[in-house]
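Here we start with a single chain on its own, the form predicted alone, put down as structure tokens.
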């Protein structure tokens, strides 16, 4: 697949942006939240937002809006009457953020299917998901990805909120017992069923590999989601856990963005993973924490800012609880990437990540 020029990618992004702004702020198609917001703000984004540079006119999107408001305020008028999925993020303390949706997750993961190898994820076979299920979009998304590739998927129940709670309360023995319970279920599936593709988190992958020879169990590709994967840990996974013979596909994704795929590692990367947003449906910027209108220089650390641009959901300038290194475009992506993603402030304070 040819990489578009930066100019072509920017033009595509700006076209998408104008269409999405028109959609969400027009009375005929827009959602109650953004129509009310524009009325109170006193300006019309349809006449003032033309390129991605203009997004700076929006304030940061507040996550409280997704916690405090009823989900129906986000339903575009054009979608009125259509039942929707309700997906949740986090929720370790208090009310979780909720995002509604219809087809976005299918679009994201159908596109991702073209980025994974048939050698590592054989078509018309079987997957195992060993990761967060319940109210998370990921559960349906992974099954859709397997189905797109002609495959079926087995699932293990996992509640990361409970694990985080145990660790926060220093109940480490119970947290380990819960992880052992999850790994036991996965090991049982691998023993009795044919599985070639695995989705899991880095910590669960490591725990499973201590119990099972995953190559001998039939696994040929691992699709791995999770926030913190430092270069030395990535090297450990690739060389020790996967023994340089199982395909490794790290991703950075969440309910609000979708799926940012990583570029294949090269020797020059020194195991530093870079992810690229699914433009033009989402934009990732790495901004200065104290002056978020400005992006940091390439190869510098900053806070991750997300803008989502689909007909189902418009979310401008949301400050993620992550920090990353800003990376230059590279094939197959003609826009900035984010590397070595970790929780914001991870170097200053202890972050509880549980099974991630």
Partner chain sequence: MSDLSTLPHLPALRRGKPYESLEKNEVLDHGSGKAVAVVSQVNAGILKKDLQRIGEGRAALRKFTVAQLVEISAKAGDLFLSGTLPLGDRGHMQSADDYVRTLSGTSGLPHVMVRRNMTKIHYALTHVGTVLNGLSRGLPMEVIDRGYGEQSGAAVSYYPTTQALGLVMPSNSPAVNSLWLPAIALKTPVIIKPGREEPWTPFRLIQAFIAAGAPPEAFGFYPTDHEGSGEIMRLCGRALIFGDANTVAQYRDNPKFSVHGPGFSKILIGDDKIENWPEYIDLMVSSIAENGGRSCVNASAVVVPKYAREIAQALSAKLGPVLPLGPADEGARLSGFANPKMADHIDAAIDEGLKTPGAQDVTALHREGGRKMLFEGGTYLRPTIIQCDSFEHPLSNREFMCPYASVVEVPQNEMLGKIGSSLVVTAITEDPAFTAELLDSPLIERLNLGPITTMKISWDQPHEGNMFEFLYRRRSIERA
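Remember, predicted model here, so these are calculated numbers, not experimental data. Positions refer to the first chain, counted from 1.
FYI, the form predicted in complex with its partner chain isn't displayed, but the following is about it.
Could you tell me which one of 248, 162, 126, 271 places a heavy atom within 4.5 Å of its partner chain in the predicted bound form?
-> Checked against the cut-off, the match is 271.
Listed residue (155, 233, 84, 178) with a non-hydrogen atom within 4.5 angstroms of its partner chain in the predicted bound form | None of the others qualify; the residue that does is 233.
4.5 Å heavy atom contact with its partner chain in the predicted bound form for all of 203, 206 and 240 = Answer is yes for this spot.
Hey, of 206-214, 70-78, 143-151, 253-261, which bit sits against its partner chain in the predicted bound form at 4.5 Å between non-hydrogen atoms?
-> Result for this chain: 206-214.
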